[in-house]
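Form predicted on its own, single chain, as C-alpha cells, below.
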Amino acid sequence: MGSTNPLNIKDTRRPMLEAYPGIPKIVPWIPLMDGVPTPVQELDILSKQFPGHAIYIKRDDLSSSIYGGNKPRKFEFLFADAMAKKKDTMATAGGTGTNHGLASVMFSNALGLKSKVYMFKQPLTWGVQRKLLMYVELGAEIKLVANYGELAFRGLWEMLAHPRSYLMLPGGSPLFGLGTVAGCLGFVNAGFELAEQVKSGAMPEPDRIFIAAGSTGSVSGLILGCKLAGLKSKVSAVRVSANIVTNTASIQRNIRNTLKLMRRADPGVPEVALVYPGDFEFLDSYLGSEYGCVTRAGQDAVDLVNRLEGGKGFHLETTYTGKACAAMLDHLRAIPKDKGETALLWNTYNSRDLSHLVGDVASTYPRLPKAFHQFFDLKMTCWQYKDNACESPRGCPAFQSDDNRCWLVKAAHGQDTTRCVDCSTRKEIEGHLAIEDA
C-alpha cells in the first residue's frame, strides 16, 4: 500500500480538492472512503406522512466499507496528519458508546496503527454494551475516565509520555478552540458533493438540511461547504451534546478557522462571512438531560423511520440521528403543506454490519478491562435470559441486533409476536429502557 493511498481506494476524486487544488499541497490528505459520493434517496413512504413535503436522506452510513457514517470524512485529513507526523498510535476519546472511538480503532487497524480510546460514562443502553464488546475482538486499548477533568489530564499525559501518539479530540473536532480544524474539511467537501448531486438531478436543492451537532466539526464544515458550493440550503444543527461543547459560538469559530486554513492553502478560496442565525439554524431542545440519553421524541422518530423505510438498508439510532430526525419531523409538521419544503436528513450513523465483532456477552465482557465490567451488571437483551420466549434465540432476527427490543425486531421481520405480549423477559427489558419525555 502506498503512503498517498494506503487503502488502495479506487475513486479518489473529492470535488472540494478539485475546486481548490492548493489545499492538498499544504494540508495532509489521504483517501480512505470507498463509498463516496454517498447516495441521496427520497424517503417516499415517510414523505407521504407529511403531505406537500419531500424528505430525502444523505446516506453517509455508506461512506466506507470499513465503518460508515460521518467520521471517515474527517479521518481522511486527521489520519493523514498523523501519518505525515510519523505517529504510530491514534488516541482519542468519547462516551462509552462512542461511534467515533469505534471508527477510529477500525481505521487504525486497517492502517497498521495502534489505538487508544479514553471513555467517560453515558446512559447505559444495549447499544453501549454492544460497542464495548467489539473492542475485545478489535484489540484496542480502552480506558475509563471519571469526568472531563480527568479526560483533559489523560490527554495531556498522552502527549507528554507518548510522543508518537496522535491525539484526536472527541468527534475529531476542535474543543474550546484547541486542536486542528482539518477534520472539518471533510464536510466542506461534503457540501460540494451534495451540490454536484443537486446539479445532476439526484435530488432537488433542499430547503433545509438536518444534521446532528455534537463536537460541531461536521456541521461547521457542512455550513461552509454549502456556502462555497453555491447551495442556498439552510443547515439546521440539532444539538446532541452538552451546551459547553455544542453551541453557536463553537460552530462559528470552527467555520472561521476552517476558512482561514483553506485560504492559507489556496488563495482561490473566497472570503465569505457566515453568521448565526442568518446562515444556519441551531436547535437545542432535543438533547434531553445529558449526552446519550434516550428521549421520547428521538425514539419515536427512530421507530417511525425504521418502520416505514427500514427496507432501504439503513437505520437510525437515539443519540444522534434520531434527535436530528425528530427536529426535522417537528419542523415539517409546523409548515403548511401548501408551502411544501424539501428536507434532507444527513445520516451520520454507520450501517455496515458489525455483528461479527460482538461475540457472546457472558464470555466476552470479562475480557474487557475491569473498570468496564460494571456496565454488564444488567441483562438488556432477550437471549441473555434463560426464560425468554424464544426456543432458539440465535436463529432469531433480534439476536445481537442494534435494537434490543426483540419484539419489535421480530414484528418487523413478519414473525408472530403473540407470545411476546405476556413475555416476562420483555417486561424485564422494558424495565431497563430509560426514555425521557423530551
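The shown structure was predicted, so the numbers you read here are calculated from the model rather than taken from an experiment. One-based numbering along the sequence shown.
Heads up, the form predicted in complex with a small molecule isn't pictured, but that's what we're talking about next.
A.B. asks: Could you tell me which stretch in 308-316, 329-337, 348-356, 268-276 has residues with non-hydrogen atoms within 4.5 Å of the small molecule in the model of the complex?
C.D. replies: Residues of 348-356 come within 4.5 Å of the partner.
A.B. asks: Just one of Y286, Y118, Y320, F192 has a heavy atom within 4.5 angstroms of the small molecule in the model of the complex, so which one?
C.D. replies: Contact with the small molecule in the model of the complex is made by Y320 alone.
A.B. asks: Ok, Q129, S108, N99, T258: which has a heavy atom sitting within 4.5 Å of the small molecule in the model of the complex?
C.D. replies: In short, N99.
A.B. asks: State yes or no: in the model of the complex, is some non-hydrogen atom of K74 no more than 4.5 angstroms from a non-hydrogen atom of the small molecule?
C.D. replies: Yes, K74 lies within 4.5 Å of the small molecule in the model of the complex.
A.B. asks: Does any heavy atom of Q299 come within 4.5 Å of a heavy atom of the small molecule in the model of the complex?
C.D. replies: Looking in the model of the complex, residue contacts with the small molecule do not include Q299, since no heavy atom lies within 4.5 Å.
A.B. asks: Verify the contact flag for G214: yes if a non-hydrogen atom of it lies within 4.5 Å of a non-hydrogen atom of the small molecule in the model of the complex, no if not.
C.D. replies: Although the small molecule is absent here, G214 would touch it in the model of the complex, with heavy atoms inside 4.5 Å.
A.B. asks: Is T92 close to the small molecule in the model of the complex, meaning a heavy atom pair under 4.5 Å apart or at it?
C.D. replies: T92: no contact with the small molecule in the model of the complex.
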